[in-house]
Ligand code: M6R
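Just the one chain here, the form predicted alone, laid out as structure tokens.
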Amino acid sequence: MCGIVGCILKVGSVAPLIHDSLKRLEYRGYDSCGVATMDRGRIYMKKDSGSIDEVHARLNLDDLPGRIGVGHTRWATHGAPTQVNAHPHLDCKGRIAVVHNGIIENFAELRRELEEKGHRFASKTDTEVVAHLVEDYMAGGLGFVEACREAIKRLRGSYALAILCAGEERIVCARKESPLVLGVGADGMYFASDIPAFLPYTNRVVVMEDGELAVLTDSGYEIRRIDDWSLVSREPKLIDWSVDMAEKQGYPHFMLKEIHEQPRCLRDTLRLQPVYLDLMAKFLDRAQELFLVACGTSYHACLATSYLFSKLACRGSHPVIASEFIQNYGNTLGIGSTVLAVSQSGETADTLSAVSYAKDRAATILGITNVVGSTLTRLARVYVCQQSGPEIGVAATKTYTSQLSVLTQLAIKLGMLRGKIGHVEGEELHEWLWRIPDITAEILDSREKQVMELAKRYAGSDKFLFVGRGINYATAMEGRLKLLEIAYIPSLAYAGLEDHVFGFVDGGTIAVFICPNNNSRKVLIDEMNLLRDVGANIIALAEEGDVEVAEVADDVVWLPAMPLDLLTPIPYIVPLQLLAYYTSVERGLNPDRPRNLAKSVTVK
């Protein structure tokens, strides 16, 4: 997730305004930034790696000339966070400047096509192909706007784009599955990924929809559908949010905003370049022994992955908490060992310590992370970026489900490589993975109010018990962790009820059962009955229409049917994230800032 911003003013210098606006978007990405302006038929640009303040101190972003410009603050997904990979990106002649938020799925094939025509690329990013495509269409005789439209029609993936052209007194913007809003001001026109970027300058906002292209001039805007070029009529709306509310897109906390971002993040994870997953699957296949190493929430993703690898690929693995890895397995490591390390930040100290130790003993290191250029990406033989964007809330939500999505895709690849999954079954599993973002959105739309009411009812309880079997033991562990992190309620998580659990349970205990329709369901229903008999209140997450669960549980959160138990962890964790969030709020706490906790990487 990156942030784009820009404007075209009637009079004055645009660069200081873009710099100011970028600061309000820095929560969307902060590994590099840049600004491009157009003045007297020429593009001027400054960009570099680092935070906005660091780049400004080195380059002075405010002295670029002109009243038209675009800016970008980056969270890397393609290409390390370096000066050359920072946005904006230019064409061969330096006359087209592009900023982009999203993922261009077919950039590799477009790049090869353009290189065969003689185009020279400077970066490793997916975005640069857009500048060269526009250049190519203009060289073929199209005007600027027409060339932008034809270039955008070639793109597959997600994008919020803004394009400048030397000599053109207008900005072209386009959107598909990445947020983009226009601001209508008395002094000119604005655009940005989020409203807070330009809110101090105007509160008259036009929200662009998927498949639309807008042409901005200093006196107004025109929106058209890209496919048929039909004109779209859309009047501005007045926004009465404060800047702080706007940064959270109207949500009271970043955590809730990020819970609601999960459908989009999940779609982005499904746009990973297959070549990287294929390569990682080959290393996993040839490993003599395989370790899945992580901490906290990422460890729970590894725990779920151990079930995925076993069931889909018949590949044994050892999920290990990173702090225990060296002591427990250090003496067994060698050239036949493979370590798949999972870390949202790529900077988790215990995980890096385990990885460095294993690498020194000739083990193969693979990585899943959210931060390109992090230490983990430098240590790994192969790494995959999970592409969920920066997460401001301390409690991991969207990064966890993104990790699960990437690791599920990897398990399917590995199963097909090892001949344990046929082509048809593999395609069916991928089709269901593509449905999960919509299923997640449906859960958020239909179940959030119910979960909020449950939190109000049970926020005063002094202990919770989470129970899940099989792969959803990881879901129980993660649900428990979320509640502990932000609501501070003592909680336990089990894969099944052991005798000593009954000493923990009393009339004030809330027992949460993760109970999809699988071969563990009957056992879980029996355990619900046992706990209800000793006074516990039962909340069940179950498949819609499960009458037997409804007869036992005090409350049931109904969830859509899934074809395979192994695909349930993503949709089933969402109500538990909401339960933790609303319980924290009901207890008068700030879920974005839990006590004594911090992320490894945060916005400064």
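As the structure is a prediction and not an experimental result, all values here were calculated from the model. Counting begins at 1, following the sequence as shown. Between two forms, the rigid core is the largest collection of C-alphas that superpose within 1.5 Å.
This protein has a second form, the form predicted in complex with this ligand, left out of what is shown; the following refers to that one.
> State yes or no: in the predicted bound form, is some non-hydrogen atom of Glu485 no more than 4.5 angstroms from a non-hydrogen atom of this ligand?
Flag for Glu485 set to yes.
> Does any part of Gly296 reach within 4.5 Å of this ligand in the predicted bound form? Heavy atoms only, please.
Within the cut-off, so yes.
> Although the partner isn't part of this model, could you tell me whether Leu277 comes within 4.5 Å of this ligand in the predicted bound form, counting any heavy atom of the residue?
No.
> How about Ala395: is it within 4.5 Å of this ligand in the predicted bound form, going by heavy atoms?
Output for Ala395 is yes: heavy atoms within 4.5 Å of this ligand.
> I need to confirm a contact call. Of Thr73, Asn472, Ser343, Ser402, which residue comes within 4.5 Å of this ligand in the predicted bound form, counting heavy atoms only?
It is Ser343.
> Just one of Thr408, Thr348, Ser178, Thr125 has a heavy atom within 4.5 Å of this ligand in the predicted bound form. Which one?
Here the answer is residue option Thr348.
> Look at the stretches 158-166, 99-107, 297-305, 205-213 and give the one with heavy atoms within 4.5 Å of this ligand in the predicted bound form.
Careful reading of the contacts points to 297-305.
> My question is whether Trp558 is one of the residues whose C-alpha shifts by 2 Å or more between the shown form and the other one, given a fit on the rigid core.
Trp558 C-alpha, core-superposed: shift of less than 2 Å.
> So, superposing on the core, is the move of Tyr572 at the CA at least 2 angstroms between the shown form and the other one?
No: Tyr572 shifts by under 2 Å between the shown form and the other one.
> Ser446 and Arg28: do their C-alpha atoms lie closer or farther in the predicted bound form than in the form you see, with a change of 3 Å or more?
Residues separate in the predicted bound form, at least 3 Å farther apart.
> In the predicted bound form, the Cα separation between Tyr383 and Tyr30 changes by 3 Å or more relative to the shown form; did it shrink or grow?
Compared with the form shown here, the C-alpha atoms of Tyr383 and Tyr30 sit farther apart in the predicted bound form, by 3 Å or more.
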